[in-house]
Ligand SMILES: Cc1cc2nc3c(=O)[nH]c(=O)nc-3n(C[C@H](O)[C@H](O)[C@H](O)COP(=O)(O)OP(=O)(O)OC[C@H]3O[C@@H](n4cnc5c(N)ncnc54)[C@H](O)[C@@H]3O)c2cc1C
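Below, in structure tokens: the form predicted alone, a single chain.
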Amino acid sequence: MDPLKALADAERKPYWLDSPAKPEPLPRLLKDTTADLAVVGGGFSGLWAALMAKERDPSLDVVLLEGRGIGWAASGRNGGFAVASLTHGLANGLERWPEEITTLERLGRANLDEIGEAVRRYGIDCAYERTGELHVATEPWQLDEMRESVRAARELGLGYDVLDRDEVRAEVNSPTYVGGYWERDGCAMIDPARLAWGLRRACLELGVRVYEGTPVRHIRDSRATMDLVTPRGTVRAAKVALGTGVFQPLLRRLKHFLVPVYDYALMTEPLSEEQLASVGWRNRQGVGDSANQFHYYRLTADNRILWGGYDAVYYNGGRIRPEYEQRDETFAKLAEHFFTTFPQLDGVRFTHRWGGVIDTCSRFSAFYGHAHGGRLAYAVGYTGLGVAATRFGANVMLDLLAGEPTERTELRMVREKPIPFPPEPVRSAGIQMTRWSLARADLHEGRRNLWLRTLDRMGLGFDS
């Protein structure tokens, strides 16, 4: 089918947020108030921070402030891959924190376990499935990197099942696959918007005061309290947890470490029984291919296919604009790649197309810190793998605000910051050079040019 015809009727909005389950918005803050803890941001970072603060101390007075609606940004627009890794994959963790990787893997899997337990405890209907993730190679050169990943995983006692061409195609049937491995326990599939809305409900049930449509304009340190100024009222809080992602940081130092990267996705119509049978996918794993410019894809509860990734787009100057959430060039490219991967699905149409902005940092995984004498904490920079890791980050923020050392806060990963990005216009030039170089590497059997090798030596990177 012509990819453009398959896209012709696709609505220009995130599939997950286009749901009858979407709750009515909560009221704005309309007057001054006080709180023991003020949480800024109604995505996963803020929701988990507010919920777990009340779990730790039910007497705590917690306020959550969200500028628009709960889960409207990255938390409601992603692929729904709740990945156990806290380090944006095992390879990145081994390269940056080899002496901590066993601990980091253990904490990441425990964090994912606890997400599943919270989903059950609070009765959150978010289609949670602990299916694992299938990593597929579509070119022979990618198999060498896969073998190294499997070797490292096995040394750590992790269960990675190696699959040859026929075995991987028996799991998910695509003529493009030449091999892969199945990470059985490291990923759960979820409906991310329903998870965010369920966490909102759980917060309210525990007594968190949640205000939507209430952007925090700035934060003042009045010594006695941290004052969060919104359009119609000020929250005077003893402590603040900052979970605003890539948006204009309320703590200025963060702007040096973050760049906004746009990621795009498509959603198909529900597959018929015959169409699904032609693909297989009986184990319903999330799937990711292994190029530098990679795709991620998964089944939904009603057997649609979400298909995203490949283009990670940085708009020069680091601008964030609503019009960037739609990029027809990328949608056409994604649709073409979809039918190359699944030619047996010729005739399937797409119902939704959308994009969203990701908080990317140079080490690919979140970083953490505090300010104002320990009264404000932040976790940011998840680089596209924050669905599960944001819960760990929320725990780190609460630990930092408590002021007591924990296993989490003693980690070098938590104590260190990434290398900052250079200022504009060097930042834009460097990122666009990196994007070009990554695309070239995919065309040349993964061979990295001098620019990429230099960034590797410096510990700098760009990813989504």
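Residue numbers here begin at 1 and follow the sequence given. Not measured: the values here are computed from a predicted model.
Below, we turn to the form predicted in complex with the named molecule, even though it does not appear here.
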Candidate stretches 284-292, 70-78, 322-330, 170-178, one within 4.5 Å of the named molecule in the predicted complex by heavy atom
70-78
Could you confirm whether Y382 comes within 4.5 Å of the named molecule in the predicted complex, counting heavy atoms only?
yes
Taking 4.5 angstroms as the cut-off for heavy atoms, does F342 touch the named molecule in the predicted complex?
no
My question is simply whether T244 lines the interface with the named molecule in the predicted complex - judged by any non-hydrogen atom within 4.5 Å.
yes
Quick one: is D191 in contact with the named molecule in the predicted complex, heavy atoms, 4.5 Å cut-off?
no
Though the named molecule is not shown, can you say which of L258, V357, A137, L104 has a heavy atom within 4.5 Å of it in the predicted complex?
V357
Select from the listed residues G280, G116, P215, G233 the one whose heavy atoms reach within 4.5 Å of the named molecule in the predicted complex.
P215
